[in-house]
Ligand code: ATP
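In structure tokens, one chain follows: the form predicted alone.
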């Protein structure tokens, strides 16, 4: 083997940046780009202008990942020029060079090549200077794996910071000085943790050191001032990863987890008992990993299901007990989710799962007991609670396998639901108008109490849910209360 061939082979196998770019170019050239993307780029290039697919769109194509709902495009055209070339354009951020193009059923976030000034608010640049240089535009990106630009027409890949090589090595590395990137946008440390989870990559030592510097008590890091909605969105993306624990651990090791999720961070080092191989913190992380990735709210409930344990732990000779931790945890979870500005419906659903996750089904439960449990948790929540219970079992580290009692419970629940038994007051054969008429009551709490009392009777014996029987019971109640 000649020295030239040997050097080429070493570059190819050991990961020289040039070789990584060559391999990336082959992948991108063979990628099935949407026709709408090619059409948008062609229209932007008309008149001798430049246009590239950039950032996460290129990165995800190289990783074989779903690009998501938006395609990222960059051009030397100014925003107002872009707007004249397309029929459907949303002026997302014209001042900073961003417009949204709606074309062929696809959404494109189009930015003008730019240089940026200082970030006094740790979110947006104070000044933006448009440029015709795509490399200057890539210099302002946060991570090397996001500093990529691809022109499908010319089969040209711009990779000034060796992002293609970092993708192959599964390494997250900052463009330039990491602390400078973090000071520009205080959300970026959380983005790094999210990418560590979703891309299954590791921050390189300088990036980890910069994260740790932000987490020190003397740091002036402005992460606490980031809009709660942006923080929530990043955690939502992280929790969709195959193993969210990877990103959460990046934050904890840097001393940053407590900035946003202090209720979870304080679970670290809280011992449990012989039924768990891990402390409360790691059990929570692994339970989250084991929950279905497609059920985001179940993932949140899995992550938070035991945050009430530090406040309820009682030691009995080295064995911890945590009576009523689910109720304490539900209150803590409610405050945490409110702090992160969760929509009310999502917040209520997650808190409900945390509160109800400790159900202790036994084969000896009567049908009436099972009906009462269904009434309390809601039939539409059963599947999510089962998923949470299975994840909870898998997350304890003892390799106990599937909780078999759930299969018996599932079978019995299906039978009860198929029989169309009354589980809510709305399932009763009478309603509030009947109560008000028979008991001579005005609208109010007493009407609801009467309906609840009849539901309790029907839960014991579903055959009593007839209009004749319940009206008779209301008349008896009127006589008794007279």
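Residue numbers count along the first chain shown, from 1. In this text, all values refer to a predicted model and were calculated from it rather than measured experimentally.
Keep in mind the form predicted together with the ligand is missing from the figure; the text below concerns it.
Listed range touching the ligand, judged in the predicted bound form by heavy atoms within 4.5 Å, from 410 to 418, 450 to 458, 51 to 59, 30 to 38: So the stretch in question is 51 to 59.
Exercise: residue 182 in contact with the ligand in the predicted bound form, heavy atom 4.5 Å: Looking in the predicted bound form, residue contacts with the ligand do not include residue 182, since no heavy atom lies within 4.5 Å.
Contact test in the predicted bound form: residue 142 vs the ligand, heavy atoms, 4.5 Å: Answer yes; at least one heavy atom of residue 142 falls within 4.5 Å of the ligand in the predicted bound form.
Heavy atom of residue 357 within 4.5 Å of the ligand in the predicted bound form: No - in the predicted bound form, heavy atoms of residue 357 and the ligand never come within 4.5 Å of each other.
Distance check, residue 72 to the ligand in the predicted bound form, heavy atom within 4.5 Å: Judged by the heavy-atom cut-off of 4.5 Å, residue 72 is in contact with the ligand in the predicted bound form.
Proximity to the ligand in the predicted bound form, single hit among 352, 266, 252, 191 (heavy atom within 4.5 Å): Of 352, 266, 252, 191, the residue with a heavy atom within 4.5 Å of the ligand in the predicted bound form is 191.
Sole residue of 146, 112, 326, 272 within 4.5 Å of the ligand in the predicted bound form, by heavy atom: Going through each option in turn, the one that passes is 146.
Triple contact flag 232, 335 and 342 to the ligand in the predicted bound form, non-hydrogen atom at 4.5 angstroms: No.
Interface residues of 237 to 253 toward the ligand, as seen in the predicted bound form [heavy atoms, 4.5 Å]: The stretch 237 to 253, when checked against the ligand in the predicted bound form, contributes only 237 at the 4.5 Å heavy-atom cut-off.
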